[in-house]
Each structure stands twice: as C-alpha cells, then as structure tokens.
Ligand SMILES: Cc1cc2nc3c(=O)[nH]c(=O)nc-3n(C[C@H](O)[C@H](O)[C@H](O)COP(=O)(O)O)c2cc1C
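One chain comes next, on its own, written as structure tokens: the form predicted on its own.
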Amino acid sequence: MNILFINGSPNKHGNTAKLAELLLDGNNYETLNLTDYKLYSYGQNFADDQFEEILAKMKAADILVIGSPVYWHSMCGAVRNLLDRFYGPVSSGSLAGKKLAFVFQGAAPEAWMLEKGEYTMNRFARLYGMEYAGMVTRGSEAKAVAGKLGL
C-alpha cells in the first residue's frame, strides 16, 4: 500500500507531522513537504512550477493524507494553493479509488474553523473521486480515521 503524507506546514517536524505520524501509526509512508516545492498560484505559468510532479505522486498513492496547521482561521496557504491548482488541469474523478484523510491542527481552533476545513476536504475528495475517511484534529481521533483508511 502506497501512502503519501502531504505536509502543508512550514515546520516539517512540527505538530502537523506528529499528528500524521499518530494517524499512520507504524505504516510506511512518504512525506511530501509542500515548502520543498515550487507551487505557484492558480493562473500563474512558470517553467519551474512543480504541480505536475506533486500530482504524479498523488496519483501513484493509494492513500493520501493532507496535513495543515490552522492559519488565519483556515487551512494554510500552501494546502489551499494545492487544492486551487486542481481547478482546470485535473479532471473530476482523476483520483478515483484512493482514500483521503485530513490532518488539521492548531492551538484551540474554534468549531467553525474545523467545520470549514472538513467541508473543503470532503468536497475535494468527492470531486476527484476519492473516499474521504475524515479529519484528525487531535490524537484521540487518529485511530478511528486510520480504520476508515484501512490501516
């Protein structure tokens, strides 16, 4: 089983990565840190953009875990930018058969912030044909979502 953790946090070994590690508990997985890639904004066209490289890794995975800290009451810009980039070049259903979980953590986020993140990731999963396993915001939720991922 090929598992890809996409870490949107600029802190590669911070709380987002630690929560993903709890979720993936003992399973082998690849980490893709978005801060290591040039991922330009939707509508920009630069030769060194690496969206296609990220997309290829996503297509090769069976399970995707996208992680984001809560920044400015929402998911971080790196993750938002990745989702935005799907619009247009990626056909709906292109990630069919994959499972997706969302790791979303922060210092005391309010319920409405978490609800917005959950809605966005659930919608993203459905649009691109994935089975959405749920959102992990704290360690106590990791086991249930891991079960939905088949781990």
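A quick note: this is a predicted structure, and the numbers were derived from the prediction, not measured. Each residue number is its position in the shown sequence, starting from 1.
If you look for the form predicted in complex with the ligand, you will not find it shown, but the lines that follow are about it.
Trainee: Sort through 63-71, 26-34, 93-101, 49-57 and report the only stretch with a non-hydrogen atom within 4.5 Å of the ligand in the predicted complex.
Mentor: It is 63-71 that comes within 4.5 Å of the partner.
Trainee: Is there any non-hydrogen atom of residue 15 lying within 4.5 Å of the ligand in the predicted complex?
Mentor: Yes.
Trainee: Indicate whether the ligand has at least one heavy atom within 4.5 Å of a heavy atom of residue 111 in the predicted complex.
Mentor: Result no; residue 111 lies far from the ligand in the predicted complex.
Trainee: Is residue 140 near the ligand? Define near as a heavy atom within 4.5 Å, in the predicted complex.
Mentor: Because no heavy atom of residue 140 falls inside 4.5 Å of the ligand in the predicted complex, the answer is no.
Trainee: Would you give me the residues of 79-111 that have any heavy atom within 4.5 Å of the ligand in the predicted complex, in order from first to last?
Mentor: The stretch touches the partner through 105, 106, 107, 108, 109.
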